[in-house]
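For reference, the chain that follows is the form predicted on its own, supplied as structure tokens.
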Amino acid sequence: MVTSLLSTDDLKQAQALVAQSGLRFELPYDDLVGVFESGQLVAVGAREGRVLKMLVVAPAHQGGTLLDEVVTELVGRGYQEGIDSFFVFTSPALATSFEALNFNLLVASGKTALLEYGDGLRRYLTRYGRQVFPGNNGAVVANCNPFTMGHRYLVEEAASSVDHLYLFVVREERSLFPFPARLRMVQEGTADLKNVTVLDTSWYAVSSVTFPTYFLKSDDPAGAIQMELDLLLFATRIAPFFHIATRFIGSEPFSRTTAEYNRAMHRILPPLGIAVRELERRSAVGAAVSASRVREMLMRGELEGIAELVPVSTLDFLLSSEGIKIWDKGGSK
């Protein structure tokens, strides 16, 4: 029977079992469950949002149904919270064990494989099937927190170079402006560009699943692996579906993580048939335009200067009652 691990002894046993397997006991988690036999923990697993982790079965009990039982319990609890797709990172050698439990291999690189429970990627692509255009297409992936003249410049330049441009807006909710607001600003700020289609990334690009370090803004040594998985997933699954031959990026003078991500794109994507074009950021008032600069000005109440950094549609949203409720709380991410 799968049960929640709550007591101090439960946690000690879970930590020991995870460490015994060579993994790291990792906080935080939303659920931590396990299976006991004669008072001894013989299987453990955790869920953090959409990611299942620390899935371990004691060596003497491997080969049975314990892993399946733990995964089923964690997925069921996730479903109850409204989550409809789940992911697991493992070694490529263990990928087949998870495929037997209804996981689909999304991408593998070196010592890491990313698998998804169910068919979420297929459903995501099918949702946009009518927005697939033939030809020499390009892509921009951006957070747009908020949408600035820098984003607009990048999109305009990219759109003028391809038959059709897909502008993927990062869906992850770890920004000052929530996804619906960012999506709206992007749609309104590019409505006049007829060969641009605005889409969301779902969980398949620059998300806490594929690239959590982007949001942590840390020097996590796993960052390089996460970047590679994120880009391989884009190159092998997303780009072919939308006939994307070029990915456009802006130069990055501020964020070390984003600059490293840009370098990874130059290294990883071209051998997979996707060109990378990096454009210098647009400048205004003596400095590069950036969303972080706009957020800082909002916090300082420098509203007049913002007009030079964002499209009229973004400014209208920022000064609307809806926009003010978002940024006037103080602080930014």
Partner chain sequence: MKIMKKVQAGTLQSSDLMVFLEPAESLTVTIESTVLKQFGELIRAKVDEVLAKHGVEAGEVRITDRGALDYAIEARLETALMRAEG
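Positions refer to the first chain, counted from 1. A quick note: this is a predicted structure, and the numbers were derived from the prediction, not measured.
We do not show the form predicted in complex with its partner chain, though everything after this point is about it.
In the predicted bound form, its partner chain sits beyond 4.5 Å of every heavy atom of Ala93. A residue is said to contact a partner when one of its heavy atoms sits within 4.5 Å of a partner heavy atom; Gly76 meets this definition for its partner chain in the predicted bound form. By the criterion of a heavy atom within 4.5 Å, Ala191 is excluded from the residues contacting its partner chain in the predicted bound form. Taking non-hydrogen atoms only, Lys111 never approaches its partner chain to within 4.5 angstroms in the predicted bound form.
For a residue to qualify, one of its non-hydrogen atoms must sit within 4.5 Å of its partner chain in the predicted bound form; none of Glu172, Pro178 and Thr197 qualifies. Annotated contact segment (heavy atom within 4.5 Å of its partner chain in the predicted bound form): 82-90, selected among 130-138, 182-190, 198-206, 82-90. The partner is absent here, but in the predicted bound form a heavy atom of Thr72, alone among Thr236, Ser255, Asn262, Thr72, sits within 4.5 Å of its partner chain. In terms of contact with its partner chain in the predicted bound form, the residue from Phe242, Phe248, Tyr117, Phe168 that brings a heavy atom within 4.5 Å is Tyr117.
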